[in-house]
Structures are given as structure tokens and as C-alpha cells.
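Encoded as C-alpha cells, the following chain is the form predicted alone, with no partner shown.
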Amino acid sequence: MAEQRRYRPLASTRQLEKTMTRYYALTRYHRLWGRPLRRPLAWVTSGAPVELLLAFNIHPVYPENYGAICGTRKVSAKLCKVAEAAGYSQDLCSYARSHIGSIMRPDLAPMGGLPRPDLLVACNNICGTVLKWYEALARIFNVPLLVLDTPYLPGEVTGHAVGYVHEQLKEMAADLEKITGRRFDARGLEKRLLLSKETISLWREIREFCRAEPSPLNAPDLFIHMAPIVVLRGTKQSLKYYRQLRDEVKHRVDQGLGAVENEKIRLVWDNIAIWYRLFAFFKDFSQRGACFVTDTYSGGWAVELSPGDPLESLASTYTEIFLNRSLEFRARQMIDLIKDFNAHGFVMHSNRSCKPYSLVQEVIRRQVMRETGVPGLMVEADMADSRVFANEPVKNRVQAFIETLEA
């Protein structure tokens, strides 16, 4: 009861559960909608241009989101062991190992695993591991694999980089025509982009509300309620949901209601959530009046769609994903968030699984502390594999960090 008074839950969570339950029910029974390939099912990476798939009436499913579900339900460690016993290294991404383990042992997996895909779509703008992960899936299921290669951006986005991705999207559209037997519908793609654009605007607005003091949302809220913009991007369902969430968050701001009661400390989070410790980890902060008012992770889906020709818009937007950018870009992003949201410090999750996200964090941490003057804590863990989480050392470091902020 004491913690309930410290942390204010969102009423929209009930609608979120209904929305996601419906999505996974449709995923499970998609073949009942018509002939098996009338609406194919694609497994896609989280940085893939899903609007193009929706324009071909393809149902997208995200193994990474499923990996987060496995982590939240605390079954990732068991599934990872299954994959490791089959020869997959423990050094691989825990999302990949959890997902591959769920294919081998669906009896251990949430919802009995994901339905078999008709095709696979991978984009390396967020991670290089996905390419080998999806190559393994293509061998397991003997289905087509489409890959979108985005060049790393050491500086500003260039016309050459966007043009390179644009040409690949044209080729992908042609491949999808062959796979589905449908013609590319540019107007249908425009409609999907408009839905995505409006949904992104709502998500940006929701995140911006957290500039208010006290903040209407805390990090667990952002991590949980980002699910529809990931798996239902470009759909009416996602748009409807974020309108409801926006209204509730706005009401909190208008009433001066904070996610954490008696907010005293404002923090920024960097990296993917620690799913198996989501509420337990942040409880140590909220009990001391500390609220994570923004983060870099859920902001990855708040990037506005570029204007112009639909395929060019997709090329530009998905090339600019923040994990495909330079160290300097990411440091500046953290600095801007700390200043814009009036944060007193930041916490970085050194995520054993996600190397692109984590390897340069210490350099970023030092630069951010130097330029902002606020302290930054590094916590070592993994997003899904609970075997690498050491509770007592982490708890001690968190407590020492909070005491520094309180001094």
C-alpha cells in the first residue's frame, strides 16, 4: 500500500492490455482471415520500414518485442539455455537467444511462441546481430529474407546515404510484389505513413508533457506504453490508443499530478529496459522521490517522418535511427534531454546484450557529466537474461547514487 501511494498507475494500462492482446490474437489466427498467403505474416526487426509491409497487407510481428515479453515474464533465462544448448553463444543478444529458444521449446514460451513466418525482413540500422539472427531463421523456416542495409552516419545525413537506402526500398517493393502477388500501392503506403505520422506526433507530445514538474510519467510507463508504436505503427489501432493516453497524461499535467508522488529528483535513462526487474529496479528510485522523466530508448520511435515521396520518406527516416548515429550525436542527445527536462542526473544501463547501444556509453557518460555538471550512474545488466543481474551490487550503487543527489 505504501508503494501504491508513492507511484501513480495509469488508467490507460487497461486499454493497452486489450490492444496488445488483440494484436497477438490476430497474429496467432492470421491464417483464418483468408488463403494462407492472402495476408502473409512477416517477422521483422524493430527498425524495419513496416509501413511498406502494411501497404502490401502483410501482418508484421516483432521477435524483439516478443523477447521483451519473455523478459517481463521471467522465462528468458530458460529459453536462452535452450538456444545455448543448441550451439548459440551466450554472448549473443538475449532477445535472439530467447526467441530461438522459443522456437525449439514452444512449451516454455509465452503464448506458445510466435506463429511461423511467411517471410523475414531485417534492417541493420539498430543492430548488426539481427542479420545473422534472421539468416538463422531463414534456414530454420526456409522462407524469403529481405535485408535493408543502412550506412552508418558518422556525421549529418547525406543525400548519398538516403539515395542508397531509397534504391533498396524500390527493390524491396519489387520483391514484395513477387512474394504477395500484389502490385505496389503508393497511395496505400501514403495512408500508412499518415497514420504513422499522426501516431508519432502523439507519442512525441506525450513524451514532451514530461517536461512538467512533477512529471506525469516515469520510465516504466514509457517502456510499457511504447509497445503499440512499435508493433502497431501505421495502424488505426495505434492512433486510437495514443489519443487516449495523450488525454490522460494531459489531464495529469493540468491537475499537477506526478507519476511519482513528492517528486524531488528528475533523471534521464539510457538504453533498453531491464525487463525482468522493471518495477523492482525503479521502485528503489521512486521510494526516494526520484522519477525518470525521459529516456533515449522510447524516444527512438518519436522520430518524425521526413516529408516527400513515400519511399524517399521511409529511406530518410529509417536511415536516421539514433543507434545508427555517431558517438557525438548520442552524447548531444543526452545533454539536450538533461537540459530540456531539467534533470538532476542520469542512469545508463550497460546492456550486455546490446553492444551497439552500450559499447560507447562510458565515453558518452564522461562527456555528458563534463558538459552538464550532473552525475551519471552506470548499471551493468542485461535486458532479458536475468542470469547476469547481480541484485545487491546494483542496489548498493543505486542507493549511493541517490544519496549523492540528495546531498
Partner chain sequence: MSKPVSKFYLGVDIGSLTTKVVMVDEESRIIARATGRTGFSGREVASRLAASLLIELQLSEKDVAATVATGYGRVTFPADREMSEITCQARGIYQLFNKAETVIDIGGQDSKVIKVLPGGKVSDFTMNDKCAAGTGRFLEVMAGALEVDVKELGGLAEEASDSCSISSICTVFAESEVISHIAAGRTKPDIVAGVCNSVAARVAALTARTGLAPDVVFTGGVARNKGVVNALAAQLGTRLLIPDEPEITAALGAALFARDIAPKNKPCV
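Here the structure is a predicted model, which is why all the values come from computation and not from measurement. Positions refer to the first chain, counted from 1.
The following text describes the form predicted together with its partner chain, which does not appear among the structures shown.
In the predicted bound form, at least one heavy atom of residue 388 sits within 4.5 Å of its partner chain. In the predicted bound form, its partner chain lies within 4.5 Å of some heavy atom of residue 399. The closest non-hydrogen atom of residue 376 lies within 4.5 Å of its partner chain in the predicted bound form. A residue is said to contact a partner when one of its heavy atoms sits within 4.5 Å of a partner heavy atom; residue 366 meets this definition for its partner chain in the predicted bound form. Heavy atoms within 4.5 Å of its partner chain in the predicted bound form belong, among the stretches 22 to 30, 40 to 48, 53 to 61, 367 to 375, to residues of 367 to 375.
Not one of 91, 140 and 142 places a heavy atom within 4.5 Å of its partner chain in the predicted bound form.
Contacts between 129 to 165 and its partner chain, taken as any heavy atom within 4.5 Å in the predicted bound form, involve no residue at all.
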